[in-house]
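Here's a solo chain for you in structure tokens, the form predicted alone.
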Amino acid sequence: MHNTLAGGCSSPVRSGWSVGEKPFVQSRGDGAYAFDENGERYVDYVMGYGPLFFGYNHSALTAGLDELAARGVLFGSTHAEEELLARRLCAHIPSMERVRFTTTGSEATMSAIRVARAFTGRNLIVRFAGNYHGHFDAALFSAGASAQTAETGRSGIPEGVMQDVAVARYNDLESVARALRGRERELAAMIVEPVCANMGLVPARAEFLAGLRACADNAGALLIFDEIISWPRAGMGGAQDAYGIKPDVTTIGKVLGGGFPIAAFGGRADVMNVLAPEGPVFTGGTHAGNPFSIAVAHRVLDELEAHPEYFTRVRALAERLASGIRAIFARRQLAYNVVQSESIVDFMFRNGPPVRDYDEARESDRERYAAYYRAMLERHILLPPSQNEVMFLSTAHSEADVDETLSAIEESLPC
């Protein structure tokens, strides 16, 4: 496999390079569990890197897929279910007055940036080190996560692209001011993850997001929230509802498809009106809004709307896991800090308070995490093979799974 599959994987984080391991080769998934080539079962906290909020094979999403396919998995035409799904999303996320569907989160954020540039007639984008917005040129350098590119000049990203993107420090408004000094009237948009989960789990400070909103307004620019991960894990209104900050454009994905490929971007009607055919901006794709993924996304919303208790249940599991890890650290006199936000849990091998930005995230001990990852894998707990990623819980996880995980952590941590 490795000789023909470039890098031995289709996405670098899966390669295991960050922890010095070979790729974990998965044969199937069921509920909260991943199974390797030999059929061995692992409690899975990767969860597809976020989309599997319901775990694997939830019956509400997987039943009757043949019937969906029989209607046609791909149209070359618009269909009524697209409009209906857009209306349902706008009802939950009021800042999204108009929506366009894409296939991936990378496409959604790339399109949002293009729209912002066209709407404002400006080129400069401010984003934040450690925030991951996809693998297109303007988003990738200094992105943290598994996109660490030590030699940006050799990574295929043109220098000209970098001149139109300023990278500031997350949770640091003074850093934003420095990045913009003398270029305020060039600013098209600022794009930010309100809950960052690609340099470990780092929620934004409320005053930071409020400051970005004010800065964008003062500059006549747009504020883009990348909620590919945080919606709907932060609630049906997204992190923007939890923080009380209204962005101009929002991107969503991952959980929306329940494991199938779909994402979307949307925002103020006047901003979205720059899109063709009403305006000059082209975004599109053969698979964008395909009827199969749209139908599954409707099922996702059906399930979330019918069962608000899911959020309470998964949050309680995450709190059980987080508090259990904190208790282990206290017993072992380890000064690592556990962070938990709704259904996401994380800690880094770094002494001191929770990470606030990418500079602090880079202080974590990669070798210690690699040893921990291997020890947990031996105990049949599947973690992401990178310390920059996080632990996702799902409705399929149980208290028994969490307790099994805590026992494995107790045994896997260095003395």
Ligand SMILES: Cc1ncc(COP(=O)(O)O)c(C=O)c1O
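Here the structure is a predicted model, which is why all the values come from computation and not from measurement. The first residue of the shown sequence is 1; numbering continues from there.
Omitted from view is the form predicted together with the named molecule, to which the following refers.
Listed stretches are 234-242, 97-105, 334-342, 73-81; the contact stretch with the named molecule in the predicted complex is 97-105, by a heavy atom cutoff of 4.5 Å. The named molecule in the predicted complex is not approached by residue 119, whose heavy atoms all lie more than 4.5 angstroms from it. Although the partner is absent here, residue 132 lies within 4.5 Å of the named molecule in the predicted complex, judged by heavy atoms. Though the partner is left out of this view, residue 198 does reach within 4.5 Å of the named molecule in the predicted complex, counting heavy atoms only.
Residue 254 belongs to the set of residues with a heavy atom inside 4.5 Å of the named molecule in the predicted complex. Among the residues 202, 228, 249, 113, the one placing a heavy atom within 4.5 Å of the named molecule in the predicted complex is 228.
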